[in-house]
Ligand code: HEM
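The chain that follows stands alone, in the form predicted on its own, written as structure tokens.
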Amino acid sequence: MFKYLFAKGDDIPRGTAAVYFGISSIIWFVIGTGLGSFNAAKLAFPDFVTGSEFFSFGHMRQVHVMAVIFGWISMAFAMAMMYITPALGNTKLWSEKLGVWNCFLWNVGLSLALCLLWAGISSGREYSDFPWFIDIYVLAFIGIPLGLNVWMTVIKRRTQGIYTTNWFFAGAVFMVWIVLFVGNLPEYFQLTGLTEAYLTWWFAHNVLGLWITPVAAAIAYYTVPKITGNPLYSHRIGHLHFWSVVVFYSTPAAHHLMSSPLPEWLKSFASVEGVLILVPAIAFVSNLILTMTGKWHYFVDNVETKFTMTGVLLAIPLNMQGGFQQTRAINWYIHGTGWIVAHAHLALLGFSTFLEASAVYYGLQTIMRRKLYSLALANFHFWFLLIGFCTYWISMTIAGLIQGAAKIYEVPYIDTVIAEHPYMIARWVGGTMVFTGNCVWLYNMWMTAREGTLIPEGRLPHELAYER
């Protein structure tokens, strides 16, 4: 990477920034899930690694969360944008050098931010834990350069229209700027109390709704038609998906604070909009399933399609849960329980992760022109990720229902802890499986870069995947 930071733009090979982002995202995924496995072990086995505040759950939990969101998820998104946006515009990335610098500053800034969190320097606000100066760094040196590169590439395209994927990419980088700025106002202006709580959860909700959800969906809109050869079933449904995300997912987020003294009309408005997220969800899932018509064998035969369609199908329980758990009738029961933890991982480790993994698998092979080193290891990764995730999600959902019942019937807290302990062990087992699968993935992609069979010009990875 360092040799390209000060090189002339024309001397940097096309796709360089995307490759660096892709490899970086996998490394951060290994780090993030490794921390997650460690944290889960501390909940399953309370005497695991004690005696040091730096290895306490309170220090490490936020490091795990931010490493996954800003390291794995967001850098995988950046990789997809650096590769897919110019491909769909029949052009090259507006500035490969800016992309390389963006990746370098991203890694440096995130490393610094996580070290500060580990040392206990935090805003104390969930999902926006970074101190204020890191928030400014993220906006200035991560968000703006990424958005500039995506927008200028779309503007400089050599195609007549803008495909659905690039609508989502361009819109999401703009919306995440707003989310990053507005959501961190409590730190810039020392806002406290109810205002701080409300903006904290407005930020948390809209990072998922206006960044993670639309960009993950955009990847599926590219990979499924590209690999199967089928055209997208309906561009109009794709546009319905885009605009309904903008309108319905940008909820006031007051449903996160149903028991707070926020205005009742605001909480009701947030609940109604929360249920209406089923509109973009149904549009997205139906569009991709219909695009697969006649090509469902790819779901078995092709590893990228396997990841993509698994992510698409996981959008069904994700949005059913997300929509209805925002209503008062359900929120009162599951609020503050492990159900919410399970739902968050359904979004981040389930739906979005499977879609991002497909983009990184396919993109790295295409850019490096290297056939995947081992299909067996890729399938190992898929199944360990899927089984590990399902083990985590199901166990935490059950634990959440136990906690909700205990809360309603005023069961002594220690009895609740004992009742949910087996599910904490299952949570650790599932998280460790995910971490193991990611270590295998990192090895597989490293070997692909070093020893993968060269892909001839004019051929694509999925066309060579099963040639012997």
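Quick note: we count residues from 1 along the sequence shown, nothing fancier. Just so we're clear, the structure is a prediction, and the values are computed from it rather than from any experiment.
Another form exists, predicted in complex with protoporphyrin IX containing FE (HEM); not displayed. Remarks below refer to it.
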Quiz item: Just one of F351, F307, F169, Y392 has a heavy atom within 4.5 Å of protoporphyrin IX containing FE (HEM) in the predicted bound form. Which one?
Solution: Y392
Quiz prompt | Heavy atom within 4.5 Å of protoporphyrin IX containing FE (HEM) in the predicted bound form - residue from V63, I69, I31, A399 | solution = I69
Quiz item: Looking at the partner-bound form in the predicted bound form, is D301 within 4.5 Å of protoporphyrin IX containing FE (HEM) by any heavy atom?
Solution: no
Quiz item: Taking 4.5 angstroms as the cut-off for heavy atoms, does L240 touch protoporphyrin IX containing FE (HEM) in the predicted bound form?
Solution: no
Self-check item: L364: touches protoporphyrin IX containing FE (HEM) in the predicted bound form, heavy atom cutoff 4.5 angstroms
Solution: no
Exercise. Although protoporphyrin IX containing FE (HEM) is absent from this view, report whether Y127 comes within 4.5 Å of it in the predicted bound form, heavy atoms only.
Key: yes
Practice problem: Look at the stretches 159-167, 311-319, 338-346, 129-137 and give the one with heavy atoms within 4.5 Å of protoporphyrin IX containing FE (HEM) in the predicted bound form. | Solution: 338-346
Practice problem: Give, in sequence order, every residue of 23-59 that has a heavy atom within 4.5 Å of protoporphyrin IX containing FE (HEM) in the predicted bound form, or say none if there are no such residues. | Solution: F29, T33, G36, S37, N39, A40, L43, F57
